[in-house]
Every structure is written in C-alpha cells, then in structure tokens.
Ligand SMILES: NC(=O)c1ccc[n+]([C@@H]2O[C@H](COP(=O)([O-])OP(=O)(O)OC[C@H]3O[C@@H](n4cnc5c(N)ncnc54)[C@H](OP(=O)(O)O)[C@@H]3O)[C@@H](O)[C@H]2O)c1
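In the block that follows, a single chain appears as structure tokens, in the form predicted on its own.
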C-alpha cells in the first residue's frame, strides 16, 4: 500500500474550481495537502470557495495568463505537485471537413494552456515533485466528430512523455478520463442522465464516471513516487469497447 505522500505538501491545481480539478483539490486537501485551486470563471470560483470551507485556497487564473499563474506560484512558494485540468480551449464537435480552420485551431488552446502552465511553473516545482495534466479518452478511442479532441489529447499525452524525459527528476504524468458526468454535459438539461447512459452503453462499465473517480487517478500519480511519463486511463473500459 502506497503511503500518503501528500500530507503537508503544496499542491497547485490550475482548473481547480470545477469538475475534475475541484474534486482533486478537495481530495488532496482531505489528505492534508496545502492546496491552491485556481480557475477562470467567477461563478466557479465562488462555488469552489463555498465548497472549500476554508480548507484550501481559491484563486483566479487563466492558463493563458502568465502573470496570474506566477502570482499563484509565488504565493505557494515551493510546489510539490503542479496540476492542470483546465479546458483552455473551445471544443467543436463536428466532422473535420465541416470545421473551419479557426474552429479546429481553437481546440489547441488546451495544449497551449498546458504548455504555459508547465513553462511558467516548472521552476517552482521541487526536484522530488510532480506535474500532472489531464487529456481524455478521444486521444486513443476515436469517434466521429471528435477529431479536434482526439488530436489535442494525443498531443497532450505525447508532450507529457517528452516533458518526463526533459524535466527529470520532476515526474510528469497525464490522466485520461472517459465519459465523465460533469458540467460539460449540463447543456442537455433534464436529458443529461439519459444522454450519458446512452453514450456509455457500449463501454465495459456501462455508466458515466464521476469527477471524484478521476480525481483518484490524479491522486495516485501524485502520490506514487515511481510513476512518470505515464498515461493513466480512468475510462470505464471505453477504449477497449
């Protein structure tokens, strides 16, 4: 059994005020970490502050804003775990040939945001610390109309392998969620659960995952000191179905 290596550690989570990032912030704080959770949306920031109940810090930061990132990094000081779970880009779900060049390029805002978080933040990360990013199962399981998501996810996962080599001894990993019940599906309204159920019937585990289940994957790669350059799938068997 891996020991709890997060107690007393400084954890900064960009994209930590909603969904998977927020679930990770809550989990890490419950394990005794000093957590800074940052997000862009004022609405999400206020919700995160209410949920934090003072147990972790909540700040505003955009993955594309170096000054905002540095403010948080400097406040944290030495960072033991730097996490980015921010979307960072606009997703267009339609066939590749029906997307404009601008729509396809916009999805890469996620990659550029992650790149900025790492570039601006790595010097604050301790030598025995870790950087963890989030991709998604479309990187390996391709469905119609998901070309932008797939290409960006694949780029994120390959960047992580490159960074693991270049930034050693800092560990670098990526967690790849499958279909997860988050606010991303809230636009379906009352049909959300029905849509998620239909989308996951072909999966080995026939339901959508939760943000908390994905957070367990992030906690694992943060906590286990012998994991680097790895993609951890938390997808209910989606890529095998």
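In this text, all values refer to a predicted model and were calculated from it rather than measured experimentally. Positions refer to the first chain, counted from 1.
Although not depicted, the form predicted together with the named molecule is the subject of the following passage.
- For the three residues 11, 76 and 129, a heavy atom within 4.5 Å of the named molecule turns up in the predicted complex in no case.
- Of the candidate stretches 80-88, 165-173, 120-128, 97-105, only 80-88 has residues whose heavy atoms lie within 4.5 Å of the named molecule in the predicted complex.
- Looking at residue 57, you'd find every heavy atom of it more than 4.5 angstroms from the named molecule in the predicted complex.
- Residue contact check for residue 180: one or more of its heavy atoms lie within 4.5 Å of the named molecule in the predicted complex.
- Shown alone here, residue 64 lies within 4.5 Å of the named molecule in the predicted complex, counting heavy atoms only.
- Using a 4.5 angstroms limit between non-hydrogen atoms, residue 185 touches the named molecule in the predicted complex.
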